[in-house]
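In the form predicted alone, a lone chain appears below as structure tokens.
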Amino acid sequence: MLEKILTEDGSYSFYNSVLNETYHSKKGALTESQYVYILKGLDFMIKNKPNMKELKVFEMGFGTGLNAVLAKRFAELNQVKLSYTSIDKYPLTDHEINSVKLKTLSKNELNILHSDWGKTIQISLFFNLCKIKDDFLNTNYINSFDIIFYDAFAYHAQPMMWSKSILKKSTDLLKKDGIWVSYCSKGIVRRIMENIGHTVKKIPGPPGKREMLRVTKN
């Protein structure tokens, strides 16, 4: 059962009563996505690799489509071409997404939210999108992506998604020196990533979270 909620920055999200978990932080859905995935993910990468003009992004959990919309805006603002792949086993309906979407969206941003699943679509000059309706366990994109937005539900709601086997599978998707970024900062997740052999940094988190994780694949 999904309940629409208003977060503290004025943007909307959902509360899933079955998982006892929200899709975004109650402190601000827009604020959290912008900070974690755009500022500490995409912006960090292009500032550290200024010659990169094309990036491949993989998102764990399309959800409301907020991360994808913000990534498209970032790509256009910075004139960096993004090839964006997102997977969701149980995608929201168009009606559900419409009920929590940002107030002001361009036509091509609406296309992000409502485009067909299983097809690669050119959204704009700097952004193409492929949404996959499937279980992450079925993915096989070894060494394909520059950055991963790991936006699964929290550890208490979906502990399997934070297990060593799944986390390793997620970083297997990255190219060498690729970036894995998540709102999560749990010690067990950090230790798993370190044991796999990656460089792990705890960095300041978005409002309401002291820390988050950013991982570099070795």
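Residues carry their position along the shown sequence, with the first being 1. Bear in mind that the values here come from a model prediction, so they are computed numbers and not experimental data.
Unshown form predicted in complex with a small molecule; subsequent notes refer to it.
Taking a 4.5 Å heavy atom cutoff to the small molecule in the predicted complex, the contact residue among Met60, Leu30, Leu174, Leu167 is Met60. Contact annotation for the candidate site: Phe136, Ala152 and Gln158 all lie close to the small molecule in the predicted complex (heavy atom within 4.5 Å). Heavy atoms within 4.5 Å of the small molecule in the predicted complex are found in exactly one of 64-72, 188-196, 174-182, 43-51, that being 64-72. For the chain shown alone, Lys81 is not a contact residue for the small molecule in the predicted complex, no non-hydrogen atom being within 4.5 angstroms. Using a 4.5 angstroms limit between non-hydrogen atoms, Ile87 touches the small molecule in the predicted complex.
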